[in-house]
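Take a look at this one chain, the form predicted alone, written out in structure tokens.
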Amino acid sequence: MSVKTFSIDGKVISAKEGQTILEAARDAGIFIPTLCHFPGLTNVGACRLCLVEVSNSSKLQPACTTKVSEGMEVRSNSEKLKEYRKLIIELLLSERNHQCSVCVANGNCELQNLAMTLGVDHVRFDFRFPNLPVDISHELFGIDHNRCILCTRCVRVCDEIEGAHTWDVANRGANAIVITDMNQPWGESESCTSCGKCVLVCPTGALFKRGVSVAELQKDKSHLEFIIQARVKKQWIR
């Protein structure tokens, strides 16, 4: 297999042919934030948090979908990128109703963790306060659309790993929302297998197990990584 040599923030590293900047950076222990990426799922570059500066490009490039090339020079932690990332987190927080203190995922939320990591201590934009529903029609799980950031991890894991394609996205722009089947209550979905993979990959408190306390809400993402590794690499290693 061909190997590419390139640099991130001046550090020379190697990557396998076909690897993305994000994959290579993580292999090298370099942190690049993201919310829509999940190992084993198709990368869509939706959240834009992983934008990086790449030599010979005037535009910022998403690290999760940009393949490594020989001699590439990448900057992942410039002041410009830090400001962009804080801006994205602020926009996500203002778009829906993300009151962490009353959220079931408080303390176990990737959005909350990134906000703290990136130094977001206030939001400069007006909050939209949309009137969005909470669907608890499913006997095991629930979805609070107020916490959804439209990362589409649930859509992709249901389609690509479970093969059910229960979840999808309806509408556009600020009116976009994830739906089950033909926009019917989750509990009435005929395609849902109740596997719970969508709940495991959700980065916020949007998808949750019913009857679970906040202290028990921590999601076991290693279970899904185990399934993906077994299917892709035929390695049943826990």
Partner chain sequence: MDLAELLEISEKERRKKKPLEIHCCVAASCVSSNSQSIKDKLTEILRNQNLADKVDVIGVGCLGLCSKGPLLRNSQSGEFYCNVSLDNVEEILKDLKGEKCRIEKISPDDPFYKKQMHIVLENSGKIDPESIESYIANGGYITLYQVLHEMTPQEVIEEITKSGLRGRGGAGYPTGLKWSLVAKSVAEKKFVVCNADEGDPGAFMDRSVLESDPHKIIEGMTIAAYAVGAQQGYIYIRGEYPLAISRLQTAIRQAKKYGLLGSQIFEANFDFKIDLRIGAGAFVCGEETALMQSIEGKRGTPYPRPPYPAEYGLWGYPTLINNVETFANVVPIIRNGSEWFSKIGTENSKGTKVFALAGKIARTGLIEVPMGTTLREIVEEIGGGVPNKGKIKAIQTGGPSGGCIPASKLDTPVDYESLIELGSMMGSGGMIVMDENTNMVEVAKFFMEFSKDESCGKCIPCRAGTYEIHNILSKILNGEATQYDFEKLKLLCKMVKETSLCGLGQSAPNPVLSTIMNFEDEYLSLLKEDI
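Just so you know, these numbers come straight off a predicted model, no measurement behind them. Residue numbers count along the first chain shown, from 1.
Absent from the display: the form predicted in complex with its partner chain. The rest refers to it.
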Please identify, from 135-143, 122-130, 68-76, 101-109, the stretch that has a heavy atom within 4.5 Å of its partner chain in the predicted complex.
122-130
Name the residue from 169, 28, 212, 182 that puts a heavy atom within 4.5 Å of its partner chain in the predicted complex.
169
Selected contact from 54, 47, 200, 192, since only one has a non-hydrogen atom within 4.5 angstroms of its partner chain in the predicted complex
47
Flag residue 94 as yes or no: does it have a non-hydrogen atom within 4.5 angstroms of any non-hydrogen atom of its partner chain in the predicted complex?
yes
Contact of residue 80 with its partner chain in the predicted complex (heavy atom, 4.5 Å):
yes
May I ask you to check whether residue 60 falls inside a 4.5 Å heavy atom distance of its partner chain in the predicted complex?
yes
Give a yes or no for residue 149: in the predicted complex, does one of its heavy atoms lie within 4.5 Å of a heavy atom belonging to its partner chain?
yes
Counting only non-hydrogen atoms and a 4.5 Å threshold, tell me whether 38, 115 and 118 all contact its partner chain in the predicted complex.
no
